Each structure stands twice: as C-alpha cells, then as structure tokens.
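Encoded as structure tokens, the following chain is the form predicted alone, with no partner shown.
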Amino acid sequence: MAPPALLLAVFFVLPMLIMASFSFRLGTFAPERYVFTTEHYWDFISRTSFHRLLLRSIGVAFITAGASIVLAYPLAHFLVFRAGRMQLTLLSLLIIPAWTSYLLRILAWKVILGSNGLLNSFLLQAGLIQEGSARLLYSPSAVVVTLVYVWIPFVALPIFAALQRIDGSVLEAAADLGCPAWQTFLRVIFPLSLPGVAAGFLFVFIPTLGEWVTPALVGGARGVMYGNLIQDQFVRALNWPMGSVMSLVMLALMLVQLALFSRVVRLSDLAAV
C-alpha cells in the first residue's frame, strides 16, 4: 500500500492542502499572498449568483448521471445476459470510442449540433424546419447530450461488472419458484446490481459537477457551469484565493454525497466493482 499511498499524498492531498491555504490568503501575489484572512469565504457566502450557478451545475450533473444510467443499464444487461459469444466483441466496440481524444469527441458533437450540422441538415431534409438553427448548440441541453455520450461507456462498465458477478444459481432459483422475468429483474437482478449503478453514478456526477471544457465548447453563455467559474478565477481573474474557496466548496459537496451514498450502498461494494 505504500507506493499508491505516497502517490495519493503527493499528487492529491498535498495540492489540496496548498489550495486550502490559498483560500485564506488575501491575494494571489506578494505581498497580499502572505496576509491571511477569511474575506473570500464571506465574499462567496454573500454572492447569490455563485450559489445559483452551483445549484444549476448540480442539476446538470444529476440529469447527466441519471440519463447515462438509464441508457447504459439496458446495454450492460444485454451484454451480460443476451450477447453470448459476441460479448467481448460488443464490449470492445463499446470501449473503442473512449480511446479517441476527449476533445475530439466534444468537437464532433459541436459539428453535429451546429446550425449547418448533421442534425439540422436532417431536420431540413425531413421538412421539419425551414432553416438551420443554432438553438441546438450553445445551450444546457447540448452540454447534457454531449456529456451523456462521453460517459455512457464509463457507466456501462461498472454495471456490466456488477451484473456479471451475480450468481447464476440465484436466477435459476427464482425461475424454479415461478418468478416471471420482470419480477426476477426487479427483485433479484436490479438490487444485486445496485453497487454498479451507484459506482456509475459517481463516475459521472463527480467529474461533471466540475466540468468546464464541455460547457465552454458546446454550452455557450447559456450553458456555463460552476467549473467554468472556477477556471475563470484561476486563469483570467488570477484570483486564486476565491478559486480555492469555490473548489473547496465543491469538494465538500462531493464528500456529503459520498456520505449519503454510504448509507445506501457500502463503499467497499463500490471498490469491488
């Protein structure tokens, strides 16, 4: 355990401590950086615009995670119980898109949703619209659609692993007792796959809440998220103390979510997935 513990301490714990110290500094550069204060915490508390953006980002993260699970679960279920000898082939096809550049996949959706993109062209050909519209792009919906596409493989894999771990004798026992297929799914398969569902949810919710690349490319002004604001504080405003405060608030929300999940699903089960 020493090597991974050392890596975690150097590349996660230490940077978090440095960021926590910056949150109490008056400014980013000397001499203000050597003056400690709680001013930025009170400033964050007083800014309702920050709170609204954080709540909206939480909503987008929940919708993205929920939609990813709804789409990925049937896919994982099919791979485990219906794919047969094609299982490994189909699983490879599911993973292959993740090998390409994350930025390239986002830009592909920017092309698809653009005013002259594939979707608008299809709607024009079908006679459903009279002219191309940019409404599909630069909106919260575009952000959700792009993120769901990106995260589906990462949600399907833990669900796939959880479904594969289900003992076949349990399903045979349910069938012998006259349990119909839908009831077997609701009372046996789905409860046993909950650790995979929870893991998939966390895999999507945690990075999506801090996402800033996707909203910047396909979200526009209407699709700005909390992560964009943090990035602006560090890069454009050069206000590292406020950016640190906002990052720590987001981290605190993550820890609260993990605590709530631990009351429903044991974290050790998530690790097993």
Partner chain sequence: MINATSKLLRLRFAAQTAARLLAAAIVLGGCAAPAAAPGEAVAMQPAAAATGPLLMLEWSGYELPEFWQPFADQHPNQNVDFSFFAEDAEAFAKLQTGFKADLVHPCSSWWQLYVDAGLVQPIDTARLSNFSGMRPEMSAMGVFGGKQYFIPWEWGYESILVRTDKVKNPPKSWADLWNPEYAGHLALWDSGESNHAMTALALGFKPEQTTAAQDELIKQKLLELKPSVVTYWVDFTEVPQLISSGDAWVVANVWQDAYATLVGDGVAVDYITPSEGRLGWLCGYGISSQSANVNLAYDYINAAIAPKSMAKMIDTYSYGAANNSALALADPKFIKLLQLDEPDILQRTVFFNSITPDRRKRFTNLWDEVKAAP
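Numbering follows the first chain given and starts at 1. By rigid core we mean the largest C-alpha set that fits within 1.5 Å across both forms. Computed from a predicted model, the values in this text were never measured in an experiment.
Missing here is the form predicted in complex with the partner chain; even so, the following discussion is about that form.
Using a 4.5 Å cut-off to the partner chain in the predicted bound form, not one of 55, 60 and 140 places a heavy atom inside that distance. Using a 4.5 Å cutoff between non-hydrogen atoms, residue 173 does not count as a contact of the partner chain in the predicted bound form. The partner chain in the predicted bound form is not approached by residue 66, whose heavy atoms all lie more than 4.5 angstroms from it. The partner chain in the predicted bound form is not approached by residue 181, whose heavy atoms all lie more than 4.5 angstroms from it. At the 4.5 Å threshold, heavy atoms of residue 221 reach the partner chain in the predicted bound form. Using a 4.5 Å cut-off on any heavy atom, the residues of 157 to 183 that reach the partner chain in the predicted bound form are, in sequence order, 164, 165, 167, 169. Core-aligned CA deviation for residue 70 between this form and the one not shown: less than 2 Å. Put the two forms on the same core and the Cα of residue 31 is off by 2 Å or more between this form and the one not shown.
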